[in-house]
Ligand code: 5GP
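Quick setup: one chain, the form predicted on its own, written in structure tokens, and binding and motion questions come after.
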Amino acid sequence: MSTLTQADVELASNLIKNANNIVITSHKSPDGDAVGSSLGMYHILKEFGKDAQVILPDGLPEYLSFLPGSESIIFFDQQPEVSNKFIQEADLIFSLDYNVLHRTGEEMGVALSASKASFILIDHHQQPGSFPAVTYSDTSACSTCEMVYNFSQHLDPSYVLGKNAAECVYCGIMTDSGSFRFPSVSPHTHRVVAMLIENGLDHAAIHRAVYDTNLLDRLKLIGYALSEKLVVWEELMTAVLPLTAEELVRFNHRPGDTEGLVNQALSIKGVKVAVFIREGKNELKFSFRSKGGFDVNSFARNGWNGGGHINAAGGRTTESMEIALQRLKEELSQVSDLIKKS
């Protein structure tokens, strides 16, 4: 299950033991797994007697603000000087839920690249970079949070996650596994969750906090997106859902409001690929999803400056929405046989 060697475990243990200034980082536009793994590791380290500071590139979705420890997070885009100071003084940095430094954003990526700290990477995306002293990479894992749990057990097999750590780890497992429905969910995933519940985790409360706290604006945005913007290219077995910046502003969009939209598009009968496009500042951001064997990771890497997993990936472009949609359709047409066979 684990790709960690005994030598990796010993090195990681020594790095943690000897570290005086530990920083925990994750990727830009953090989701449930990014925030859950970062705060989960924060609480685990505290329970191991070590202090740490979580630094994220930008703000987290409001629906994740209930997670214990979220109030202590420093956001690089809001406090660059403070963030840089922590990174410069760090002697150990955790890289969680990302495989290369530029996924933390241009400015934070530069700061991390200049750091003299040792890095421990824990991630389930393909093609991890070569920067860490310890690399724990497992593309079969359903979430980085599951791997953080595994990592804690490698450090101390007798360790039982405390309440705060358990809530954060469960949140990331739940959200990144699509509430345990994605193919990456394994028997081990359920055993980890069972262990958390047996030790007192209120899993239903976590689900309510994440999925049952919608604001009216978000529900209106979802309704508008699905009724007015969703397009199905039947010949390509693809559903596309583009939202412009103006439309997002109209519905008072907040980080996390469009989470899960791409999966709803993928749920359409006969659709094997879904693409959600969100217009941001000077660029379009893409979420790719697929059913079966069509590799959206390779598709995103080859043409859309992105990557991720076989069935879930992201991308971006500075093209206009009109040009991007035209190119997207052309590139999907070139691989239509692969989509149909998947």
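In this text, residue numbers run from 1 along the sequence as written. Remember, it's a predicted structure, so these values are computed and weren't measured experimentally.
Keep in mind that the form predicted together with the ligand is missing from the display, and what follows is about it.
Looking at Ile277, you'd find every heavy atom of it more than 4.5 angstroms from the ligand in the predicted complex. Although the partner is absent here, Asn99 sits close enough that one of its heavy atoms falls within 4.5 Å of the ligand in the predicted complex. Mapping the unseen interface onto this chain, His125 counts among the residues with a heavy atom inside 4.5 Å of the ligand in the predicted complex. With a 4.5 Å cutoff on heavy atoms, Ser287 counts as touching the ligand in the predicted complex.
Shown without its partner, this chain lists Pro61, Gly69, Pro57, Gly314 as candidates; in the predicted complex, only Gly314 has a non-hydrogen atom within 4.5 angstroms of the ligand. The candidate stretches are 35-43, 48-56, 306-314, 61-69, and the one lying within 4.5 Å of the ligand in the predicted complex by heavy atoms is 306-314.
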